[in-house]
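Just one chain follows, in the form predicted on its own, and it is written as structure tokens.
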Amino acid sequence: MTEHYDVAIIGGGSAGLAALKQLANLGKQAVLIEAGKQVGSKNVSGGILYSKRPKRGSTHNVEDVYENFLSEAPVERKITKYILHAVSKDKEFAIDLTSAHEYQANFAYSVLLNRLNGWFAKQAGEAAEKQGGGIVSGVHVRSITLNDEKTIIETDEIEPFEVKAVIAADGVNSEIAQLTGARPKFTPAQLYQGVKVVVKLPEEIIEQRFGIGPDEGAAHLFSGDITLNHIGGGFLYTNHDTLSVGAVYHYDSLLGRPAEPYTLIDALLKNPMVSEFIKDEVAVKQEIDKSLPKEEQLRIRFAVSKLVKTWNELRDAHYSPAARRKLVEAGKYKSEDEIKARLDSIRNELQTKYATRFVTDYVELEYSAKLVPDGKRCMMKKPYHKNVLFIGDAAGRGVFIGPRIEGINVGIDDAVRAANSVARAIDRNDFSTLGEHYTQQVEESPFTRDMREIDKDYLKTFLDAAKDVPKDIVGQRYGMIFRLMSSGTFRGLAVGFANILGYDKLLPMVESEETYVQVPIEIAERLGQTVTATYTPTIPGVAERIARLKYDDDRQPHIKVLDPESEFMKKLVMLCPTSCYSLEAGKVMLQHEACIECGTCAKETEWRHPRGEKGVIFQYG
């Protein structure tokens, strides 16, 4: 017998999980299909999760979907400081954009998606089970058969099942979109490529270094010469006891001037300001005397590794009030002073007995990458196909407006609108207008308006924050516009005219190498202060970064190169974040084992997600 469900949600990211929870809140039966072994293990974000309060219209925020979000969710830090840095070599000029960051916002938290989506999954899964649904992980959807009477979903792992509607939340490289023919693949002109590393740094050191309190966080953006002449920039977000450091660049810009993605993030890490932000004390083991007996070498290696591990763990606890308190309450130490004494004792033993050196460097934990849709360019005008609704990245929806970058919250808003539309169709037992109703709901979203129109109030907030930048610094092309925009009357007229023209006419002028590279360099050179690095970071190569990742390898390739001699694929030899491609005798060859499933190559490949439980497994995301 074929299993029957009201709704299938494909993809266990933040958007898909919000759809599942909302449907359960509405008393509807839904099942979520996720390819990863655990929900969250395939998800990557910069990332900041916003809750918004627009002046016009309303959004469905995360705390509306998850009633206990504010009290229980494993978020990292509430972002209370938002700074844009113009950089040129060792010079830096900061513009405080906190007011623009807080514009129409209830709050914003830095997040790591493995932890957060795991929590979302628990809340959504438990609610869905009460309605006869739930989450099925480790399953990859292979095909969808649509007709007027029923929809059959086939997977690589379980028996086919039947549903009344589908919500596609399977990301920017949506296989559901390809299977249904709902939209073509996104082009490089419609996308950004993001590359990120997670850096380890103890909790109280983060607070001291970034000038924030225990319940606060900071976001720093970077533009100028760190872009290596590409359109985009860098970011650094403070987490609880890690940092998210990354680079996001327009894909078209990368194709025009190909560069290995890891060189873009390396340029950011080498910037003196960033290297000072990420630095930490690192224990470096000495080479063991090879003349010693093998048994003695093994004993020393084991002893040093154990001591270093203990030192790292105890040091993290020493710089965390909650961890210190927990150790004392558990009776492992009599006081916080005793924790510090034990830490010093281990350090002394490592130095005197095993010649371990303690140096200034940084500790990189995880490397990841993903493609991000630019909603201004690629949001679906009709985000549905028959009874299949597309949400979040799968629908090409994301807000990229200068320093304003929002995606997770947009996907959650879409998810609630999709769930509400599906619930309405179920209640009426009529799915004939499902897609049209959902499209209408999406059209009413303030995020849709943001993807189409310039918000003059946000623009004023941004210009006010940049008031200290001399108007003549942006050159003849933009100087007059910048000066005129300072006038409220002219700004209103100009924005109205610009919105009539539309983003597609304005973007070639606004998003240029001049605005992302040359102007920030000029600002830094004329107004910036010199920043001196106290060390040179030891940056791992891409092979070492890949080696640190966790994989469940699949012997069945999930990518097939369609034209190994195309110019696009030849550029992928450089643009693949994990160097999966090589050029041999003029043809591009694929080694898929190191693939992190970013989809950078999807445009000219037969691209699909790996089978259930296979592929990369992110620990942070």
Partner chain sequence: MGVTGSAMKELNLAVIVKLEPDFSEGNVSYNADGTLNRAETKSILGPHSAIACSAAFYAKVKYGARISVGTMGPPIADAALAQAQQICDADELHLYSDRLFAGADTWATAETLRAGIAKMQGKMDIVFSGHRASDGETGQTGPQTALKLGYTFLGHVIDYEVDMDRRVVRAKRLITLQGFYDVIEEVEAPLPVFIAIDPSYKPSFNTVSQRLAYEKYQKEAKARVANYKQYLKVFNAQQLEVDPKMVGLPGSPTIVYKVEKIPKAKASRKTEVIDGSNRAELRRVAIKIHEVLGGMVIK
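Residue numbers count along the first chain shown, from 1. Please read these numbers as outputs of a predicted model, since none were measured by experiment.
Beyond the structure shown, there is the form predicted in complex with its partner chain, which is absent from this document and is the topic of what follows.
**Student:** If the cut-off is 4.5 angstroms on heavy atoms, which of these, Lys381, Lys467, Lys334, Lys294, is the one near its partner chain in the model of the complex?
**Tutor:** That would be Lys294.
**Student:** So which of Glu129, Glu204, Glu453, Glu436 gets a non-hydrogen atom within 4.5 Å of its partner chain in the model of the complex?
**Tutor:** By the 4.5 Å heavy-atom cutoff, the listed residue in contact is Glu129.
**Student:** So in the model of the complex, does Asp90 come within 4.5 Å of its partner chain, heavy atom to heavy atom?
**Tutor:** Flag for Asp90 set to no.
**Student:** May I ask you to state whether Arg301 is within 4.5 Å of its partner chain in the model of the complex, using heavy atom distances?
**Tutor:** Arg301: contacts its partner chain in the model of the complex.
**Student:** Just to confirm, Asp215 within 4.5 Å of its partner chain in the model of the complex by heavy atoms?
**Tutor:** Asp215: no, not in contact with its partner chain in the model of the complex.
**Student:** I'd like to know whether Tyr362 contacts its partner chain in the model of the complex, with contact meaning heavy atoms within 4.5 angstroms.
**Tutor:** Output for Tyr362 is no: heavy atoms all beyond 4.5 Å of its partner chain.
**Student:** Exactly one stretch in 170 to 178, 106 to 114, 184 to 192, 137 to 145 has heavy atoms within 4.5 Å of its partner chain in the model of the complex; which is it?
**Tutor:** Result of the contact check: 137 to 145.
**Student:** Quick one: name the residues from 150 to 179 with any non-hydrogen atom within 4.5 angstroms of its partner chain in the model of the complex.
**Tutor:** Heavy-atom contacts within 4.5 Å come from Glu157, Ile158, Glu159, Phe161.
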